[in-house]
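Only one chain is given next, in structure tokens, and it is the form predicted alone.
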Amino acid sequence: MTKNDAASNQGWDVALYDQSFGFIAEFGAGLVELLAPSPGERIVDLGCGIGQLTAQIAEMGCDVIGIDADQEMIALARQKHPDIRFICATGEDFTIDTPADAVFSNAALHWMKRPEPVIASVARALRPGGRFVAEMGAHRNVMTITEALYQALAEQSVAREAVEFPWYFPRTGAYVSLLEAGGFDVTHLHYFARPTPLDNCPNGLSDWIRMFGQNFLAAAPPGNEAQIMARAEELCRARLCPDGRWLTDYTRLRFRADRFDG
């Protein structure tokens, strides 16, 4: 799960991520199928987090490099998977020494708020004909949650403008245009809603906000963070917890794009 300088207020609780957010890698299983890795291929896992999917791809006989901008994520990835190479670098300017057959990214590109340099870095990392296979948050992703947070903050006299929105959630057509301008042919594209349960989060939606919504909490009046989370939960409960089971209102964009030959 990579972040960049534009989302600098976001901090990661790596222990909470490891304990409660394993579903992020689990939902990446279908993306690995789309990647269709072959033994001997050189693959970059961009925004690898703590390396669950990196290790899964390595077990398929691939030479995998995991890249993430967060030092603590990389440290835990190296601890969990000492036989895999992990690099701490941003998506906007990472480099590798030998061109890759594929760049893979699960639930990370939406943390990289400058997509053009990310796509350029991916293109540079790929051999001609190499593939870019990824899934990211897209237009309307977590809109129920973010609108509830904005309302909770407004009730504390905090304006929307005080929050540095931490993500990049593109419309499908806009992102396809960026990929094509960056030297890619888009060969697979799927935009879909995926309500996702928070079954491993003992504190429900508050754990999700604490993990991923630090920019919203940073805008809260000092000492009011818990109150903001509780009010956001109250506002979301009817839609996202109708039967006592918390969900997130995820909307995703999954794609494969092949780098132009030549």
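These numbers were taken from a predicted model, which means no experiment stands behind them. Numbering starts at 1 and follows the sequence shown.
As for the form predicted in complex with a small molecule, it is not shown, yet the points below apply to it.
Only one listed stretch (135-143, 68-76, 94-102, 116-124) carries heavy atoms within 4.5 Å of the small molecule in the model of the complex, and that stretch is 135-143. Judged against the small molecule in the model of the complex with a 4.5 angstroms heavy atom cut-off, the residues Y175, Y191 and R256 are out of contact without exception. The small molecule in the model of the complex comes within 4.5 Å of no heavy atom belonging to L153. Of the heavy atoms in A148, none are within 4.5 Å of the small molecule in the model of the complex. Under a 4.5 angstroms non-hydrogen atom cutoff, the small molecule in the model of the complex has W167 among its neighbouring residues. Contact between R131 and the small molecule in the model of the complex is not found at the 4.5 Å heavy atom cutoff.
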